[in-house]
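The data below hold one chain only, encoded as structure tokens and taken in the form predicted on its own.
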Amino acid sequence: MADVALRPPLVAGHKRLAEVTEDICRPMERWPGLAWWAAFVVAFSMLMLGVTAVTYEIATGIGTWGLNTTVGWAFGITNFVFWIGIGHAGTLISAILFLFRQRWRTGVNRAAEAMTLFAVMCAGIFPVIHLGRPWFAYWIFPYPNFRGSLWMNYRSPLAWDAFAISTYFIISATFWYVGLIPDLATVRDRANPGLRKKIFTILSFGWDGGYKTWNRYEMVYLLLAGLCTPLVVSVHTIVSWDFATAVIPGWHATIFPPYFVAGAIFSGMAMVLTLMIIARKVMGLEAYINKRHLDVMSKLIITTGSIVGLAYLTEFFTAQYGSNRYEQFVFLNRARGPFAWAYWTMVSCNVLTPQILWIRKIRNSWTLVFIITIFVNIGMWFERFVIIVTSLHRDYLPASWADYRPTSVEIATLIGSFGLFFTLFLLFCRVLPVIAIAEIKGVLKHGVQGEAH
């Protein structure tokens, strides 16, 4: 008999069950290190800058933004679509890959689910402040009221966004919380008597780890995964309709729904990798987030990035071989007009940069993959910017053409949204298990040395 490796292990270091619990719970039970505090100070400072900018904008008015008669949508909606896209990878990794029984997801699904919630929170801010009078934001929900015949306009994309965001957030939060319950019980059992133990006792819903409890839990988790799966397609499809149902050249295209969904998964997967590479080092989780995860997720980035590149070519092809000269002008203007720099930044980051990941040595390098994911997210932000601004700043009448330049308030608001996202994620890493303890134990022996005759 000889020892042979059946497949690359999902958990490195030949961990025992008790070591898994200890490793994942340790960051929650000890004082955070210098790296965590440095990251938190930077993220919280960015958040405070954004809070200041939004407060000033609400007190002063939308005039603090660089919008004009022609470009009525810009940074605010760009940020909204960007953050909604970021939130898609969590549902993909957790729900769809769970249904397909992809075991490698267990190392990253918990953080990806949390990332989804935080990204949706960031996205929900922008339609509200874009209203100009955010204190009336509750008007977009259809509830019995005393305002007579004044009801929401169901033909408005703003109403569609409200339904999409709220539905996606509620289902994703439920799926995330149900998956947390066994781990909350583990933390409860480890906690010393006091407030922390009481909190986790309440949150774990009396979990006892019995056979009947696990059987019901797995059934509910499977049903929620099936319920979450259509949301990956439906939510960003609704966001794409914000544009596709308009008659503006560059927006009025049937390719937008699949194009937006592929782009959302592309950017979300890149952000998951960015966060997990950071969390792996800061939280000491090298054994649970290893090169197997790096390789598989890099391949997913190559796949979705290639789909996005095909969508770019398809848009140009249909515009140039169509009969609509306005559509032709929009795409030529994107590539050669005043915002050509933004367009080619988008193409370089989203189409060319991911192709480097075909090289295995690069896929296995934590530093290089981290840099590539940063470029991907930069490119995906510019994609939304290009779609929105370049389709608006050149109208049907040359007399109404106007350029757009973001103001310091808009830039500070964007920085603040990243600050909110990273602040919430860092707090999540401190107070809850960033890796699913129960699920990772289920794949502990996956890929270990086996015996062959």
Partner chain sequence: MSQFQLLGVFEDESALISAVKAARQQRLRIVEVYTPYAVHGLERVLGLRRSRLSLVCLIAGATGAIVKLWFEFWTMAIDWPVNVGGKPWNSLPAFVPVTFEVMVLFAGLSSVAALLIVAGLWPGKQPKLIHPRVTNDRLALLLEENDAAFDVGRVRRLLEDHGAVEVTERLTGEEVPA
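As the structure is a computational prediction, the values presented were derived from the model and not from experiment. Numbering follows the first chain given and starts at 1.
Keep in mind the form predicted in complex with its partner chain is missing from the figure; the text below concerns it.
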Checking a candidate spot here: are R188, V220 and L231 all in contact with its partner chain in the predicted bound form (at least one heavy atom each within 4.5 Å)?
yes
Examine A164 and determine whether its closest non-hydrogen atom to its partner chain in the predicted bound form is within 4.5 angstroms.
yes
Residue-level contact is defined here as any heavy atom of the residue lying within 4.5 Å of its partner chain in the predicted bound form; does Y211 satisfy this criterion?
yes
Decide whether L275 counts as a contact residue for its partner chain in the predicted bound form under a heavy atom distance cut-off of 4.5 Å.
no
Interface membership of L352, its partner chain in the predicted bound form, 4.5 Å heavy atom rule:
no
Just to be sure I understand the contacts: of T201, S365, N290, T345, which is the one whose heavy atoms reach within 4.5 angstroms of its partner chain in the predicted bound form?
T201
Interface check vs its partner chain in the predicted bound form: of M121, I378, I356, M152, the one with a heavy atom inside 4.5 Å is M152
Based on heavy atom distances of 4.5 Å or less, which listed stretch (277-285, 156-164, 85-93, 106-114) is in contact with its partner chain in the predicted bound form?
156-164
